[in-house]
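Single chain ahead, written as structure tokens, the form predicted on its own.
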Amino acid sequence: MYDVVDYVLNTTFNLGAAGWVVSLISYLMIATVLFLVAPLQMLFLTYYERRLIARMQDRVGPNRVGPEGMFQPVADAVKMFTKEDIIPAAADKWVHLLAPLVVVAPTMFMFAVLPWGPGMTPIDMHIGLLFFFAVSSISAVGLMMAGWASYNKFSLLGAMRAVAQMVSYEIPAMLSLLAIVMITGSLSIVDIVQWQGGLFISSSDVAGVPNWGLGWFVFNPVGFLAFAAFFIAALAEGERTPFDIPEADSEIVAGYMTEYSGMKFGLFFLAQYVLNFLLCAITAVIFFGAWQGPGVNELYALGITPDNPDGNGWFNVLAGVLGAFYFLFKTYAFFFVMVWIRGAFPRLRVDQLMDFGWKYLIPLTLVNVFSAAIWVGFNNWGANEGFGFAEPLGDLGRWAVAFVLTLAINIAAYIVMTRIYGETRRVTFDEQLADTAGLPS
């Protein structure tokens, strides 16, 4: 953003703006865009989901307010602003008030490290990935505050479910990301995106691979298993079906949101949809190259970069627009999958939720971390680290051996864990059936 603003002010209009002025304008523009993106995303995604679910259920969906019902989210927002704010008499009023703020604030901070295009990351932190998920974990505190302050057993039960679910599924999510961090050797989100240049094979693993922006992690066995585990954990983190247990309306009314109305409920709604957008976005970033795609790197190379300070700033704009298109297309595709799953699968029980996370996903991701170590050994290590025997194979040969080994390990782990988990669930079901019938198990 700094390069673009500097080019527009000092090259296009020749204003001679000082560096601090360019920086100030750049940061103000970034902050304004980010604070506009969150509510606009929420409005769009609610309409997007309602229309998709309606089509899946052979309905029309919102179609009255505006053309094709496009202004329905605006009408809902007006309703939220004008609804009466009711606080239970026995509730802790200050905690009840602060809970939705604690939930929604972290989602705004998470935008700070999201890369929208080449050179379009608001803040390139060297621990950007850690910052993203550390901040996201704060929302669990707000959920517990909401359930506790409401003085309602349904709310408290929903809050306890939400916290238990988030804590449980953050472990396989972090183990999935650990495999990627091991491969890249960096916690910088920008570095992780740059690593995914190439053509189905990362140019960072095999030198000389054409850089079409298609060297995504999902194309290798370690990245694919990490992606599958992470996306399942993301569904649980975002409380999406089949993991929407904290808000189970058929069991606990609406969980931690039971005693909320008006704009406080709207803030919970905003936080949930923005969080889901961010989880889809970070999935696209880590495993599908974010803005990486054909043409972006070529355009960016013609713009103003540290390697090409005399480039044309309009190529930065073109590269940014194309990169942002790729990034948003991938993000909305993942949100479509979330909606698709909601329309196709029923809600899990609490015991099934916990069993799946602790007994299935965590062991699989631990095996994947071992596979990542093998991948790093074959692709990055040499004689000094004890992998001198692999050097005669060359870069492509080492990559092929690593691919075959990690693929075999991960497939074997998937088969073994599926059989063990299936047998465990069958025994548990038989015991529950015997208890219900009053028979010895």
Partner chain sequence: MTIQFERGKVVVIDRGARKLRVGQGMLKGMAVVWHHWLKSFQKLDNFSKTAGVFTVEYPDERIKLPEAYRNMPILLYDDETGQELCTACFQCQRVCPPQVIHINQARNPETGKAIPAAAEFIIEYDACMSCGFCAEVCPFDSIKMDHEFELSTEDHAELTMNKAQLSRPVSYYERIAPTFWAEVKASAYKKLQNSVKRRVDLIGIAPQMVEKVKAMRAAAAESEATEAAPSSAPTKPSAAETSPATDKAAKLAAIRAANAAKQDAGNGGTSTPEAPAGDDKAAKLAAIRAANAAKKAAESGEGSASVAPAAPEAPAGDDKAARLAAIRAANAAKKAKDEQENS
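Positions refer to the first chain, counted from 1. All values reported here derive from a predicted model rather than from experimental measurement.
What comes next is about the form predicted in complex with the partner chain, which does not appear here.
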* Structure fact -> Of the candidate stretches 412 to 420, 377 to 385, 33 to 41, 392 to 400, the one with residues having heavy atoms within 4.5 Å of the partner chain in the model of the complex is 412 to 420
* Sole residue of F325, F345, F370, F81 within 4.5 Å of the partner chain in the model of the complex, by heavy atom -> F345
* Closest heavy atom of V404 to the partner chain in the model of the complex, within 4.5 Å or not? -> no
* Answer yes if any heavy atom of A408 is within 4.5 Å of a heavy atom of the partner chain in the model of the complex; otherwise answer no. => no
* To do: Evaluate M29 for contact with the partner chain in the model of the complex, applying a 4.5 angstroms cut-off between non-hydrogen atoms, and reply yes or no.
  => no
* L45 near the partner chain in the model of the complex, any heavy atom under 4.5 Å? -> no
* Asked: Thinking of V60, F336 and W340 as the candidate spot, does the partner chain come within 4.5 Å of a heavy atom on all of them in the model of the complex?
  -> yes
* Scan 350 to 369 and write down, in order along the chain, each residue with a heavy atom lying within 4.5 Å of the partner chain in the model of the complex. => none
